[in-house]
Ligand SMILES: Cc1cc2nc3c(=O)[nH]c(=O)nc-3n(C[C@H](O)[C@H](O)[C@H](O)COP(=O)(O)OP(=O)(O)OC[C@H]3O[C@@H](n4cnc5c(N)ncnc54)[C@H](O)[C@@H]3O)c2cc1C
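Let's start with one chain on its own, the form predicted on its own, as structure tokens.
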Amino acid sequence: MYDVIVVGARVAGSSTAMLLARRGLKVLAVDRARFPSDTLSTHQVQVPGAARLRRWGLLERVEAAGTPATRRVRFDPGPVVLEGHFPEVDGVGSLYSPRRTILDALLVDAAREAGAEVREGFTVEEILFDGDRVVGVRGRERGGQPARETARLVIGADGRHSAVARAVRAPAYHVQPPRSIAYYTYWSGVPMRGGEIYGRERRLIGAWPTNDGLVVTYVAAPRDEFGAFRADPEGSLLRSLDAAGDLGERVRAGERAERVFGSAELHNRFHRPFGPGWALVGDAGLLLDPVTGQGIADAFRDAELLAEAVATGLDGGPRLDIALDGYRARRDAASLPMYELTLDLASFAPPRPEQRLLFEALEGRPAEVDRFLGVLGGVVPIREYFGPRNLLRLLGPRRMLKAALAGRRMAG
């Protein structure tokens, strides 16, 4: 019997398995994929996630794999252009956009090094119960015999279509329907000085340097445009990039390195992340529109929170269900402000008058631009930044009054 079985071994699962194994627990992680392998991804490891990688001793490996560090960001919402840097977290001030073929394999290796057993190419066919309590899994490796494994806790880290969440009927809350679609691809021969973010009518666009000298471009559009994008992925993506300054010209001067990837299945919901004998982490427990690129950093954060709760609960500390309820509370408190901001951005509403006033107030103030970028990157607390006291400091009394009046007009 294992202490913990982790179903799914990509960023959330392998991180959780590694951290639990480092705490001395007997851990089995399984995944139907073999590594290295690719998966749909926003690529971004936001600064808080990069800081965790450094704390885990893994950021140097990400850098050694040729992943560029992105510190400088150009944010162009239309009315003004803001350029700055991300604030630091624990001495780390860069965002990284690794290919998932690199990041996932690196984390799987780290889990093994920590002492976790990892079975690749293993398909879970059934979640095992004893009454209402999860006690293990049944599955098999490709071409192998059925295997039945038991554990004190089974963790679902198996993504948006989690078999664990489905089997335990994990309740969902804060549910919002999909609002956007996402399409991305890779380019060679495209000059980049840092990261680039553009807000345009019915579009949010990003461009980031990734491994092998490539640039990944990402386009988010309203869900009602899925048919047009599916019919002509490259043309739709290029027309969107043409609206983003000279980005369209730069990618056309380069060369598309891979096919265009895309999805309209971008759900938004929280799942209750624990119950008798089970827990959830990563996309299995919290789905957020990828337009703000928070998924990987959130997975690292929640892996750390869950590993601490499990190790405490199984090591004779508070009862496991109490520790796991603490994990739920901390995850939800950390996630909800960005969840709300992301849903607002994914609505593709044009900048409100008060937002335009804020962008104008930030222009020419480098330290304040950096703090604003910190909001987008999950470094600066969102509710604190958009609180009345901070907005008064940024806007001054006259702009603050204009923003308040504009807000009332919009509400009316």
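All of these numbers come straight from a predicted model, not from anything done at the bench. Start at 1 and count along the sequence shown; that's the residue number.
This next part talks about the form predicted in complex with the ligand, which is not shown.
- In plain terms, the part of the chain that comes close to the ligand in the predicted complex, with a heavy atom within 4.5 Å, is 150-158 out of 189-197, 150-158, 302-310, 224-232.
- Although the partner is absent here, His43 lies within 4.5 Å of the ligand in the predicted complex, judged by heavy atoms.
- At a distance threshold of 4.5 angstroms between non-hydrogen atoms, Pro209 is out of contact with the ligand in the predicted complex.
- Using a 4.5 angstroms threshold between heavy atoms, Leu357 stays clear of the ligand in the predicted complex.
- In the predicted complex, Gly282 approaches the ligand with a heavy atom inside 4.5 Å.
- For the candidate set Leu266, Leu324, Leu106, Ala244, a heavy atom within 4.5 Å of the ligand in the predicted complex is found for exactly one residue, namely Leu266.
- For the options Ala297, Val92, Ala165, Ala220, the one in contact with the ligand in the predicted complex, meaning a heavy atom within 4.5 Å, is Ala297.
- In the predicted complex, the residues of 177-208 lying within 4.5 Å of the ligand by at least one heavy atom are, in order, Ala182, Tyr184.
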